[in-house]
Structures are given as C-alpha cells and as structure tokens.
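Only one chain is included here, represented as structure tokens and corresponding to the form predicted on its own.
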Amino acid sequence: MTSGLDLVVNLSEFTYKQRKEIYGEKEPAAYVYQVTKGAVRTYKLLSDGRRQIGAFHLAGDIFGLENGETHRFTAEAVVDTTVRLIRRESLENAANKDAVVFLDLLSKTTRNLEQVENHLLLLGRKTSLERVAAFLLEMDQRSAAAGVLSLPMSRRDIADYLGLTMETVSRSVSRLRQAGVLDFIGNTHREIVIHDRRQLAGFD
C-alpha cells in the first residue's frame, strides 16, 4: 500500500457512508483494504446478541487480510470513510515479485498483530480504568493530529471494544478528567485534550 505498490497493482477507491457494511463475516475474502480517510470497525456478534469489536482501523491501516478464504469479522464504516481496495490475488503476486511491496505488507501486518496482542492483554488483565486509559493512549499514539485527540467512534463502540458497559466507560473517563489528565472540547466528548500523557500511562 505504498507508492511502490501503486506501480505494481491497480487500486480502486470507494467511499462508504457511516455504519455502512464493507464486508460481512464469512463472506469471501477476495479483497484487501486500506483506510485513506475515516475509520473502520471490525466486529463479531456473539451468540447472546452482544457485539465484540476486534479492532479499529484508522487512516493508513490495512484490514481484511485473512489466512483463510473467508472473512472472520464484519467490517463497517464508523464514519463516512474512504478505502482503497486491491484484489488479494494481485497483492500476493505483487508481494512475491517485489521486495518493497513484500516488506511494506509485512510491516503493516506485524503492526496489526501487535495491536491484536495488546487488545488481548487489555481484555484479560486490566481493570476498567486501565482499559480506558490504555485505549486513549493507543488512539493518541495512532492519531496523526497534534494536540487534540479526535475520536471517530462512539462510547458504545469503545465499550464494545473494551468489553465494558457504556456507563463504566463514562465513569472511567470522568475519573481521568477529575484527575486532571484530560479535558473535552465541545459537547460531543469526542474531542479530547490530553494534559498529562505520563500520568495517563500511569493508569494503564
């Protein structure tokens, strides 16, 4: 998904409206995707009707690269989102022929695996406050903007990602605000100024 890759394969670009499904669980994994603008959530619906979000994909991230022939999760646009599509077969052929493409794909895949591992640790070992703090730190590190953390996802999304209730997420964020770690811009509570990243990391 670099300029080198652009020269080797043909990329198509599509825009999906907010909450629009990009692909569904168990659908054929014929394409690999890269977010160019917006955000994507990948999730599973559990047998009891609950939703577990596995990952959030932001600008520059790739998703939809599977080991098998079908998708394990459903992918959905969090906000109006533009993605680039490349046929999986074309990407595999390009990676086999071009070392630059292969190394870039390996780097992005490794980064995705690291995020998955961090998510598993977060769900298995951390308290609710630690989970929220870790999430905010992750989003801050992945954000391209300086100074203000702009969250595209809702509190419901965050709760379903962290395995918490919306009320617990709200209480944890309020505790961090009361501690002077962060504050909000506007009424949506999605624009966050982090005053003390070291202190926030201490809650992680």
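Residue numbers here begin at 1 and follow the sequence given. Basically, rigid core = biggest C-alpha set you can superpose within 1.5 Å across the two forms. Everything quoted here is computed from the prediction, not taken from an experiment.
Below, we refer to the form predicted in complex with another copy of the chain, which is not included among the displayed structures.
Checklist entry - Out of A94, L105, L85, A134, which one falls within 4.5 Å of another copy of the chain in the predicted complex, going by heavy atoms? => result By the 4.5 Å criterion, the partner-contacting residue is L105.
**Prompt:** Quick one: which of 52 to 60, 28 to 36, 134 to 142, 174 to 182 gets within 4.5 Å of another copy of the chain in the predicted complex, going by heavy atoms?
**Reply:** Only one stretch passes the 4.5 Å heavy-atom test: 52 to 60.
Is it true that N67, R72 and A159, all three, sit within 4.5 Å of another copy of the chain in the predicted complex, judged by heavy atoms?
Result yes, every residue of the spot touches another copy of the chain.
**Request:** Although another copy of the chain is absent from this view, report whether T109 comes within 4.5 Å of it in the predicted complex, heavy atoms only.
**Result:** Taking the distances in the predicted complex, the answer for T109 is yes, it comes within 4.5 Å of another copy of the chain.
- Task: Answer yes if any heavy atom of S90 is within 4.5 Å of a heavy atom of another copy of the chain in the predicted complex; otherwise answer no.
- Result: Although another copy of the chain is absent here, S90 would stay clear of it in the predicted complex, with no heavy atoms inside 4.5 Å.
request  = Although another copy of the chain is absent from this view, report whether G163 comes within 4.5 Å of it in the predicted complex, heavy atoms only.
outcome  = Result yes; G163 sits at the interface with another copy of the chain in the predicted complex.
**OP:** Evaluate E130 for contact with another copy of the chain in the predicted complex, applying a 4.5 angstroms cut-off between non-hydrogen atoms, and reply yes or no.
**Re:** Yes - in the predicted complex, heavy atoms of E130 and another copy of the chain come within 4.5 Å of each other.
Let me know which residues along 94 to 129 have a heavy atom within 4.5 Å of another copy of the chain in the predicted complex, or say none if there are none.
The stretch touches the partner through F102, L103, L105, L106, T109, T110, N112, L113, E114, V116, E117, N118, H119, L120, L121, L123, G124, R125, K126, T127.
Relative to the superposed rigid core, does the CA atom of L123 travel 2 Å or more between this form and the one not shown? False for L123: its C-alpha shift is below 2 Å.
- Versus the form shown, are the CA atoms of G68 and L105 closer or farther apart in the predicted complex, given a shift of 3 angstroms or more? Closer together, by at least 3 Å.
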